[in-house]
Structure formats: C-alpha cells, structure tokens
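The chain that follows stands alone, in the form predicted alone, written as structure tokens.
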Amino acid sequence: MMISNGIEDEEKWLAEGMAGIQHNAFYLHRALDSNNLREALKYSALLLSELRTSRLSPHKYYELYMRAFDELRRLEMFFKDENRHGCSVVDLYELVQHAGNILPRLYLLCTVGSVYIKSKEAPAKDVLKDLVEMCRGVQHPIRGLFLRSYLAQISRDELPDIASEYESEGDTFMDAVEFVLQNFAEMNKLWVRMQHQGPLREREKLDKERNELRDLVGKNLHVLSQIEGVDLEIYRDTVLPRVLEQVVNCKDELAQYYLMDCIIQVFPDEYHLQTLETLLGACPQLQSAVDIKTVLSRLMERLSNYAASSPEVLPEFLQVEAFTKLSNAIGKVIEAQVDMPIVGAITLYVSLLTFTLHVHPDRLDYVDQVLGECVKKLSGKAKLQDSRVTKQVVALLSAPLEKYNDIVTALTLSNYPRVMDHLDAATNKVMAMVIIQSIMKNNTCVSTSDKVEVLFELIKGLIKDIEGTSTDELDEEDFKEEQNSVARLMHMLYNDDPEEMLKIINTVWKHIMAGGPKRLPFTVPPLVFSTLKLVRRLQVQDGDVAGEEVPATPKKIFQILNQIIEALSVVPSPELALRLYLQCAEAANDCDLEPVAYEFFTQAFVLYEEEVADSKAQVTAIHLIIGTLQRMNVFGIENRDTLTHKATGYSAKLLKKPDQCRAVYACSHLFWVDDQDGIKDGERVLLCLKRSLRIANAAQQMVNVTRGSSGPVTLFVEILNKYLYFFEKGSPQITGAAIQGLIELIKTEMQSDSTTSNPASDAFFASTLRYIRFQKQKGGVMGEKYDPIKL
C-alpha cells in the first residue's frame, strides 16, 4: 500500500512540475515573441525553478528535465540573435548571474556561455573553466548531475580541438581535455554520493536509480574518446591516469565496475594494448565486490578481436608482453579479492586462455601456464560439485581442442590431465567423450605409446571405475555408448613402426585390464583387431630383430593375443572369445604358423565344449568353426584330420535334428576346397551328404510322430543344392543318378498326404529345378553334364 501511495505521490509531483513549466513557458514564449529580454529571463528562471525539486526519482526527474531542456534550446536561439534583445553577449553573461536561485542561474549561465563561446568574444577555455567551476554551486546529487549533463551537452560541439573553429593560440585541445576531465570528476562524485541519499533499507532501490543515471557520467568518457587531439601519448600520460584516479578513489563498486567497462568500450583497442600495465594496475585496487572478472574478460575479448583483425598487429602484442601482463594482473586480482568465488577465478582463466589461443596459438607454453595457474587455484579443494564451476572448467579444457582440432597438441600440455583430475566423475566422463569426439571428427592419429598413455589418463573416467563409482550404477544405454566410443578410439591409435605399434598395444592392454570385466567385451575386440592388423603387416617377417628387448614378430604378437582373449574368461563371454580365437587362427594361417593356428583352434574347441551351453549359440559357433577351418591351408594331414573329425563330431551332436543336418552337410566343404592345392576328397564329401540325408529323414519321422504329419521338405532341398554344388565342382562320387534319386525323393515327399505344404519350401524346390533346367539348356560342358538328369 505504501509503495503504491509513493508512486501516486510521485506522479502528482511530476504533474505539478510539468504544469509549472508549461505555465511559465507560455509567458516565456510571449516574451520571446515580443523580444522582451527582461521578461524572458524572469519567466525562464521561474520555469527552471521547477528543477529544484528533491521529491522525484531520477526517472521522473529526467522527464521534467527534458521538458525544461526543450525550452532552453528555444531560449538559446533567442540569445544568439543580438538584434532581437539588443544586449551584447558579454553583458548578457553578466546579466543572467543576477537570477535569484542558484540552479536557474547556472542553467541560464550555461546557455549564455554556449552562445558566448560561439561568438568568439572570449577564449573558449576561459568560459568553459568558468562554467565548470560555477557548477560546483549545486551539490545535490540528482540536480547536480543533470546540470553538469546539460553543460556537457551544450558545450560538446564547442570544444577547442584540432581543426576545430574554436582552436586558437590560446585555446588548444588540452583545454578541452581538462574541461571534460574536470566535469567527469565532479559528476562521478555526485553520482557516488547518491547512495547516501536515503535510508539503508532502500539501498536496492537507490542502486537501481543510480544505475539509471550511469550514462550521464559515462558520456564524458565518450566525449574524451572523440577529441581528435587525444592521441596515444595524451591518453597514456594524461587521460587514463586521471580517469583511473577517479575510478579507484571513489571506492564505490557500482561506479568502479561501470567506469572500467566504459574505458574498455569507448577507447581504441590499440590504446588499451599500449597502456595495458596502467589499466591492469588499477584492477587489484578496486573494491572486492566489483565484478572484475567480467571487466577483464571484456578487455581480453576486445584485444583478441583486435589481434584477429590483422596479422600486422600481432608483433605489438609480443612487444608489450601482453600475455605476461594479463596473467600477472589476474593473479594479483585473485590474490587481492580473497572472497572471490572459485567460479570467478576459473572464468578469468578461461578468458585468458581464449585470449592466448587467439593471439599466441603457437605458444603452447603459455597455454600450459594458464592451465597450471588453474590447477594451483583448484589444488587442495574437493572434487568440483558446483555446476557453474564445472561448466567453466569444461570450457577451459575444450578451448585447446576447438582451437587446434588436434588432441595430439593437447596431449603435450602437462597440466591438462591435472585440471581434469579436479572434475567430478560424471563431468570427467563428459570431457572424456568430448576428447574422443574431437579425435574422431578430425581423424587424428595418436602415434606414440607416451601420447597414448597421456590420452588414456585423460579418458580414465570411461575405461575404469573412479572414486568408488561402479559400472552397476550406470544407465545401460549410456554405458554402451561410452564403451563403443572407447572401442572406436582404439582404431585411431596407430604407428607405421611395428616396435612402436607394439608398445601402443601393450599400453592400451594395461589400461583396459584395469577396467573390470563388464568393459572387456567392448574393449578387447578392437584391441585384438588392431593387433591382427599389425600381424598382417609383419607376415613377411619372422624371428627376432637384433638388439630389441621386445621384438615385434608375429609369434610374439600371437602370444600377446592369446593373453588378451583369455581375459574374456573372467566376464565370461565364451561366444566372443571363440570368434576372436578363430580370427587369430586365420591370421596365423596367413603367417604360415601351423602350431600357433592349431593352438587357437584348440582353445576355440575347448571353449565350445566347456563354456558354450546354449543350443543356439552352439549352432552359430559350429558354423563359425567349420567356415574358418575350411579356409585354412597351413595344416598338415594329421592336424587337419584331427580338427575336421572334431568339427563333424560336434555337428552330429547338436540338440535339434535340423541343426545337426545343416552342420553335417556344411562339414562336406571341409573335404573339398576349391583351389589349386586344396583337398578334394569326394568319398568323404559324399559320406557327409548321405549322413545329412539320414538325419533329414530322421527329422521328418520325428515330426510325423509328434504332430501326425511330416514337416516341410526344406532340408532335402538344401541337401540337393549341396549335391548340385559338388556335382558342378567335378566330384566324381556325386553323380547325376544320385541327384536324380534325390529329386524323386523330394517329389514323393511333397506328394505324400502326411507332408505339410509350405510355400517357402515349394518355391525353393521350384527355383532349384529351374536352375537345373537352365544349366541343361545352356549347353556346353555343363549342359552335357546335366543332360542325363530327367525332370
């Protein structure tokens, strides 16, 4: 209620003031129209008396001031025309000083002073000095600020400056500088004093009102920046020290923050660069509540943009040692402001790092120095929990990655992992993912074991449990995504030198073994395939390389591979381990290492026997074993027979008859390898196919017994296709008569009343018959071969 009453009262007082100005303006206009100077002065003084009020807020007072200002512009036009009032400007200057109240007197004096300067009947500097001194007569903060603002506004175009019409021997731009600086100093004092104008309980309201008036003070700095004569030397020796003296001595956080920001925004970047020491020297002297981090951040942002504007300015930055000065200043500010929150300090280091990456991208020592300062600030503190601090640290760590587009550069920064250590587990993972994404996006190759060591230290949040966190607490989808990212990363670790590549593999192996069993199914396969890639490059090599402790030979690497895959037994993940053993066996085959290949097959069979219990997994595994064994050409007769016998034996022991049938006819390929030196044992091929036929028959009978009808003839058609394959390959034991007999068997089965019709099986058989017809019609050697078969 009291607030609403206060607002209503203020509106009423403003309306009364406006009415007073309106009333006196009417008589003023009449006096001006009749060229009556005495009446004009009388009513203008009465009009201006309305500005003597203390009851209005700055916002409302501004409205009143602007209404009076409009009338003063009209009065100024009248004063300029001596023919209208018949009084010389010198006499007029004396005459207005007889006004009864000081505020109207000074407004009139400033108005006539403007005309006096334009008349050039007196040096501009004398008039300006007189006015700026006289205005000290009004010490009420709001009234004084608006009066001095009026003085600044009307004198703006009349300052003596280089190439200005008001410059003369007696009037130089330095007089203009002195006038603006003096007016600025007085206005700042008035502005600061405003905070003491009301009770403490209204401090927030007062600060808001003061904030509304800040531009009145700041305009002086803008005027200074526009004076042509203010070159770097004048700015360095006169302007900046005088302005900073006011800023530091006023001891008011609102004024200090605003004016420091003003200095940075209105004066040229080149000046800031050359006066960096002076400007930064003021920062530690500011009040502790001043948001100095924002001020310094804006300064560094301006300097970064200046550096980016032209390569020609970069030597200037080195010349003035900008980085060292900024770094020292930030250190002093953090030291001086003991209550500065950690987020403020880190924000400053982010800005300094951004500046460094823009201006000195080649100076990695500077980048590392900034990170080192950050580590010092964070040391002794617990893991960061504040999201704002964490966000700034992530920004700090991301900046080098974004600038260099190359993690290898970041890996040379010794303090990079030390900063990461201060992140909490969740953010550490986020940062690790950012690093991996940077590597993948830029296709960066990490090519030494030392760099891999540093890299894995950086992403340790993904490759092992830290700080007591457990993989059990993680969301399954997130965990998979993280581990798949690590798996992709492993393919970016590469070196053409086999010795170094082996060191990289050992480094990775050491790290992923610390990751626990849940991560191994994701991290072991890419490591195995990276290692196999190395093996294939070394196929031509064998034996030890002289003088090397750990020679990169295929034999040595296969031993490492065996240990890596064995680690999966703790998971356990037998199906995956079996697949990897078979891949290694194939690589050993290509390297012509029979004992090694045999050992890998043995491991695969042991896993099959002891670990693979699920019937579906057994089917998949046996087909993988058969497929791999079929491609092996390194084995002697004895070893091959042993492995082939095992494979066929396991095929016949599968749980379901259809699975047995398919595995057994797949084994036929083990006895007929279609290349120059491959085995071609038609007898055993036929044996496998006949055995599969018997199993297919048994499967049909079982279905008949359990369901009262035979199943589809799909298995028979599949076996027929195998017969056709080996028939075409030239196996003498597979004859046209055997194929003819099988076709008749299938037709009989399909026509039987007990057989269930199946469209897929029918289509499959029809397609097979169509193929036979095609081969018969094609003619040639194959046509003759197929000719005896009757459809």
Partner chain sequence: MNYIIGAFKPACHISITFFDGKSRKQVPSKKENGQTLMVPLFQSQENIVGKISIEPVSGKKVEHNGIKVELLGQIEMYFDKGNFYDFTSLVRELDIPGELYEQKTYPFEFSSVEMPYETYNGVNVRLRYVLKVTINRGYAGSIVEYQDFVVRNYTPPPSINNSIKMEVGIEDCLHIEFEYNKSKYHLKDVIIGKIYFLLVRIKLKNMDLEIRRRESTGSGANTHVETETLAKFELMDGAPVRGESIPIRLFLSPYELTPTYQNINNKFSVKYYLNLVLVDEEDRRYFKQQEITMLRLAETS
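What we label the rigid core is the largest C-alpha set whose atoms superpose within 1.5 Å from one form to the other. Positions refer to the first chain, counted from 1. Quick caveat: nothing in here was measured; it's all calculated off a predicted structure.
The form predicted in complex with its partner chain exists for this protein as well; it is not shown, and the discussion that follows is about that form.
Can all three of Thr444, Ile504 and Arg537 be found with a heavy atom no more than 4.5 Å from its partner chain in the model of the complex?
-> So, no: the whole triplet misses its partner chain.
Interface segment, criterion being heavy atoms within 4.5 Å of its partner chain in the model of the complex, picked from 370-378, 228-236, 423-431, 89-97 | One stretch meets the cut-off, namely 89-97.
Residue among Leu296, Leu240, Val138, Ala255 with a heavy atom within 4.5 Å of its partner chain in the model of the complex = If I apply the 4.5 Å criterion carefully, the residue I get is Val138.
Which residue among Asp130, Asp681, Glu611, Glu457 has a heavy atom within 4.5 angstroms of its partner chain in the model of the complex?
-> Only one option qualifies, and that one is Asp130.
Do His360 and its partner chain share at least one heavy atom pair within 4.5 Å in the model of the complex?
-> Result no; His360 lies far from its partner chain in the model of the complex.
is_contact(Val673, its partner chain) in the model of the complex, heavy atom dist at most 4.5 Å = Output for Val673 is no: heavy atoms all beyond 4.5 Å of its partner chain.
Answer yes if any heavy atom of Glu186 is within 4.5 Å of a heavy atom of its partner chain in the model of the complex; otherwise answer no.
-> Close contact exists here: in the model of the complex, Glu186 approaches its partner chain to within 4.5 Å, heavy atoms only.
Are any of the heavy atoms in Asn101 no more than 4.5 Å from a heavy atom of its partner chain in the model of the complex?
-> Output for Asn101 is yes: heavy atoms within 4.5 Å of its partner chain.
Could you list which residues of 33-60 come within 4.5 Å of its partner chain in the model of the complex, counting heavy atoms only?
-> Heavy-atom contacts to its partner chain in the model of the complex: only Arg52.
2 Å or more on the CA of Thr735 between the shown form and the other one, with the rigid core superposed, yes or no?
-> The answer is no; the displacement is under 2 Å.
Cα of Lys722 displaced 2 Å or more between the shown form and the other one, core superposed?
-> It does not, since the Lys722 C-alpha is displaced less than 2 Å between the shown form and the other one after the core fit.
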